[in-house]
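Have a look below at one chain only, the form predicted on its own, in structure tokens format.
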Amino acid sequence: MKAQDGEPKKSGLTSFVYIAVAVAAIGGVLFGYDTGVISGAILFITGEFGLSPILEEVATSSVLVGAILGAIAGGFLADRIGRRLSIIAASTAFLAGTGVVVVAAGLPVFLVGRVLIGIAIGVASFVVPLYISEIAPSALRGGMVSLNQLFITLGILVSYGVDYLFSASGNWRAMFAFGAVPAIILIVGMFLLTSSPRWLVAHQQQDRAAGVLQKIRGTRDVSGELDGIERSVKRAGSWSDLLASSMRMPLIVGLGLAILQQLTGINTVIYYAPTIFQFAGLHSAGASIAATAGVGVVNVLSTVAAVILVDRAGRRPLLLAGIGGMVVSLAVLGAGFAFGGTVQGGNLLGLITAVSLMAYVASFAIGLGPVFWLLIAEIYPLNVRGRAMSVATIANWAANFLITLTFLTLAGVLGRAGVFWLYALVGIVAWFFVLRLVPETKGLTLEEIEEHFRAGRHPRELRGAPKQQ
């Protein structure tokens, strides 16, 4: 039997689609590795380059300047040269940036390399889930796109392990150099894969698109799905199409989630986790990095749970549960810094910090982490999907830059407790935003989601399809 859109049921899938998704998701490893590696490396870079707290923030957040630029260019690239070639271009830029960082003799050259790496991350951060969403069947799309987030967490965890490995020697250059390995694997892998069938249809290559669909769906009859894709690309998209009334609510949902995902403080933990543990009394660089690795393990395990649950429980339940857990964890973490240090005997503050950060990261990993990237790959029409995801990604990286650049300053102004309570307050706003505006897309085809918004319906009126038996 076939689904309504002409896709075969799960049993009809070929191994090719799983291979394609797994290879593309290595882009998540690049994203995650360079997101996490700075957390340990900055402890040694600060000493070698003699950085002040402000310059430390600049060194840490410089990658985000590049990520914003990459997100701006990525929408054009994804729609013009395709998702596959965009991923290859991003991997190449990552290799170039890594080389510059490794040989940097001072902060200016280091910043140039970090910006190049950021450009690569900015492109890959949304083009990878976009590519996966366009080749995955609707019944499995949530889990397959969320696999990208799992690979991001694996990249972060590997970066923590590499940081710890070189922490005794303080060789931060080797920490960065290790990131070249997944970049090379991704370049080779993507050269062997095919373009997205939806991008092929959008560029009048229906015969190639049909061949790709047959290859990844495991059936020769893909006429239903191909017809649905062709209907969604009757006219070419442009930037002005983002201003259409039917795009208003999808843009609000995407931009809202993009900004709130970052303003709840997740990347203060990713970038500054060892620093936070040092705040809590773990003064050794090795000890603080080791504690951070424990947070990374929790991140991976929780993301595995999200991959399993997102096509069963749905997007909204995971978001609401995850954000709720983040709010509670941040409130407890703030209380730990406010009162934990006054308790005599043992390092209560260190324990509270470790447990709270693990609970916070676990909550993020089942909700805002994977579901944001999944939703922005689902809710936009095909003819402007690359551009719309680019806009949401720009907002995400801009908010990331703001949080990363201000964390140490806010901690000094509001106190360490105050800054985490501020993030918890933003989390409450995020919870109500999801409750009121975020749709449920579970089990629906991309074309069904597009038709819903083109009809001008409210996001909450979109109801996910029941899980196929």
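This one's a predicted model, so the numbers in the text were calculated from it and none came from an experiment. In case it trips you up, residue 1 is the first one in the sequence shown, and so on.
If you look for the form predicted in complex with ligand BGC, you will not find it shown, but the lines that follow are about it.
In the predicted bound form, residue 176 stays away from ligand BGC, with no heavy atom inside 4.5 Å. The shortest heavy atom separation between residue 441 and ligand BGC in the predicted bound form exceeds 4.5 Å. Contact annotation for residue 33: none of its heavy atoms lies within 4.5 Å of ligand BGC in the predicted bound form.
The shortest heavy atom separation between residue 299 and ligand BGC in the predicted bound form is within 4.5 Å. The stretch from 96 to 104, 76 to 84, 258 to 266, 378 to 386 that comes within 4.5 Å of ligand BGC in the predicted bound form, counting heavy atoms only, is 258 to 266.
For the candidate set 146, 390, 153, 159, a heavy atom within 4.5 Å of ligand BGC in the predicted bound form is found for exactly one residue, namely 153. This chain appears without its partner; in the predicted bound form, the one residue of 369, 197, 182, 336 with a heavy atom within 4.5 Å of ligand BGC is 369. Annotated contacts: 275, 356 and 360 are all free of ligand BGC in the predicted bound form [non-hydrogen atom within 4.5 angstroms].
Along 165 to 185, a non-hydrogen atom within 4.5 Å of ligand BGC in the predicted bound form is carried by no residue at all.
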